[in-house]
Structures are given as structure tokens and as C-alpha cells.
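Given next, in C-alpha cells, is a single chain: the form predicted alone.
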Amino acid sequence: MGTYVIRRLLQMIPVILGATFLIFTMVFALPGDPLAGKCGERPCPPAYAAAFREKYNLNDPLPIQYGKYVGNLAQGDFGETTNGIKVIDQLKARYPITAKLALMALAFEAIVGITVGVFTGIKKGGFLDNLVLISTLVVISIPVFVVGGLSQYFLGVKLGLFPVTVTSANPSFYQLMLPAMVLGSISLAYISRLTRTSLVENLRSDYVRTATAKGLRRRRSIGLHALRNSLIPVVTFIGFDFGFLLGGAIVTEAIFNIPGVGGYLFRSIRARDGASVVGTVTVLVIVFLFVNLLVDLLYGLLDPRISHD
């Protein structure tokens, strides 16, 4: 196990370098002048323009710029925005909010999705199965901004169950409940259908029939044998989805006025603030890689036949 973890950690290094190089190249190789609009409608003074280009290494070729960025990154320095604000300070203030929102959405979609998938898998072809099938198709087909707007109107304005928008820089659990449900709604539909399909397939397996024939109670044969193997593709999807939730909350954060990473990344792209964009995506890549490592380790707990030795 220890050797496997070390090997995976070493494999992350070229992935991180490759991902950061691609995003760095795409951001800083775009045509246009980074000084455009920095001094209003008038062109910037030559002295200011020279100092600006020197500070942000804009006079160097792109490979040298990337080399300097990686050197600073290895020391924990994600650079500065064009306004002189350290990117790491912005990420420290915003990532906990987005991480809390993503974890809440993940818990919501996993608990509800797996529960619904188990019940529909056991009662395959029944009324509940058909109802869930139609409901998931409807949820998947509706864009997230429509789901967010309808949730705000009915659950926030009409019923008053949740706040319509987030009004504080450090939102509480209650304020993030509705955005988390909206963010996890589409993934919930996928998880429920994936759990249902996988469970139905495993319930027809020989080892489940053998366990039942030996006198094992149906509830125990499902929970101990069929469900554990059925959760392997579900855990894979959840691990992938967590990385997506961290970076894909742009629309949800905009709808509910959440001061998280999604809105910060969107504004940085519009402002062409390369340091902010690269720093945010770099952290997303690192988190995504560690979550994938955790998912791979969970495989061994769900299925003892999978070994990491």
C-alpha cells in the first residue's frame, strides 16, 4: 500500500507540470496587450509600462516565464494579480467556501442518489422505478441556471424555506443548503441511475444467488455482497464529480451570490488576469489528483479482490 501511494504521488508531478504548462500557455500566449485599460483610456506612461512588464516577466520568452512561475510555485508563491494582490491570499479566502459548498453538494447527491438507486434497483420495473427514471431524465435535461432560478423562486421566495442569496462573506451551513442541492441535482440523477443499473446487474450474479441459496437473508445478501460491488462505479463517478464541483460552481455561485472560487475564476478570465487563472486551475488540478488517489484506495475497501500491493 505504501509503495503504491508513493508511486502515485510521484506520477502526479509530471501531470501537474503538464497541466500547468498547458493552462499557462493558453492564458499568456493569447494575443493582446496586458496593459490595455490599466491606465484608463490613455496609454500608460513608458516608465510604468516598463516596470509592469519587468515585474510580471512579460519581456521574457514564454518558456522562461513558465520556468520562473514553476520555481515560485514550488515555494508556495502563486504570483500576484495585476492589481498587486497575492493570488494565494485570494484563494485562501475563497477556497474554503467553495470546498464547503462542494462537500455539501457531494453529500447530498451521494446519500440521496445511492438511496434512491438501491430502492429502484430492488423494485425494478415498479412504479417507483419508472417515476425515478422520468424524474432523472427531466433533471438531466434542465440547465443548472434554470434549476437554480426555480429553486430560488419556489423554495426561497414562495415558501421561505431557504435564503434566496448568500449575504455574508463567510456563509453558514444553512445559507449554502439550497445552492448545494442545486449544484448536486444533476449529479444526483446520474448517481441514482448508475447505482440502480449496477445493483440490478449484481443481483443477477451467481455469488448473490449462492448466498441466498445458503440461507443468507435477502437484506444481508444485498447490503453485504451486491451493494458493495455496485458502489465501485458510483465511487469512481463521485471522485470525478468532486473535482468538477470545485471548478464547475461558476453558475451556481453567480446565481446565489456566493463569494467562492467559481466567480473569482470567471472574473479573472474576463479581466485576463493570468496569474489568478493559472493559480486557481493549478489548485484544482492538485485537489483532483488527490481525490482520484483516495478513490483508488477506496476500491480495496469495497472489493477485497482489488489489491494495491
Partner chain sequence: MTDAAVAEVTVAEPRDAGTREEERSLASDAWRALRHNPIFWVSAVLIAVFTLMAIWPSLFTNTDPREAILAESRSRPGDGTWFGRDIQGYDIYARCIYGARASILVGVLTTTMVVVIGGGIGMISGYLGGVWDATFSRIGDIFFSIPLLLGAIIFLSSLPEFFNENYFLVIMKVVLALAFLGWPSLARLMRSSVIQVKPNDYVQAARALGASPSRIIRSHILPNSLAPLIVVATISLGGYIAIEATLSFLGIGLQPPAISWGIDISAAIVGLRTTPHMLFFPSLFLSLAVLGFILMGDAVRDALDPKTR
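Since we're looking at a predicted model, the values are computed, not measured. Just so we're on the same page, rigid core means the largest C-alpha set that superposes within 1.5 Å between forms. Residue numbers count along the first chain shown, from 1.
The form predicted together with the partner chain exists for this protein as well; it is not shown, and the discussion that follows is about that form.
Undergrad: Quick check on this chain: which one of 50, 269, 62, 70 has a heavy atom within 4.5 Å of the partner chain in the predicted complex?
TA: Comparing distances to the partner chain in the predicted complex, the residue within 4.5 Å is 269.
Undergrad: Do all of 93, 199 and 294 end up near the partner chain in the predicted complex, with near meaning a heavy atom within 4.5 Å?
TA: None of them does, since no heavy atom lies within 4.5 Å of the partner.
Undergrad: Indicate whether residue 259 is a 4.5 Å heavy atom neighbour of the partner chain in the predicted complex.
TA: No, residue 259 is distant from the partner.
Undergrad: Would you check, heavy atoms only and a 4.5 Å threshold, whether residue 298 touches the partner chain in the predicted complex?
TA: Flag for residue 298 set to no.
Undergrad: At 4.5 Å between heavy atoms, is residue 164 in contact with the partner chain in the predicted complex?
TA: Result yes; residue 164 sits at the interface with the partner chain in the predicted complex.
Undergrad: I'd like to know if residue 142 sits close to the partner chain in the predicted complex, meaning any non-hydrogen atom pair within 4.5 angstroms.
TA: Looking in the predicted complex, residue contacts with the partner chain include residue 142, since a heavy atom lies within 4.5 Å.
Undergrad: Please name which of the stretches 94 to 102, 186 to 194, 170 to 178, 114 to 122 has residues with heavy atoms lying within 4.5 Å of the partner chain in the predicted complex.
TA: Contact-bearing stretch, as computed: 186 to 194.
Undergrad: Going through 147 to 164, which residues have a heavy atom within 4.5 Å of the partner chain in the predicted complex? Please give them in sequence order.
TA: Sequence-ordered list: 149, 150, 152, 153, 157, 164.
Undergrad: Rigid core fitted, is the C-alpha displacement of residue 264 between this form and the one not shown 2 Å or more?
TA: Yes, residue 264 moves 2 Å or more.
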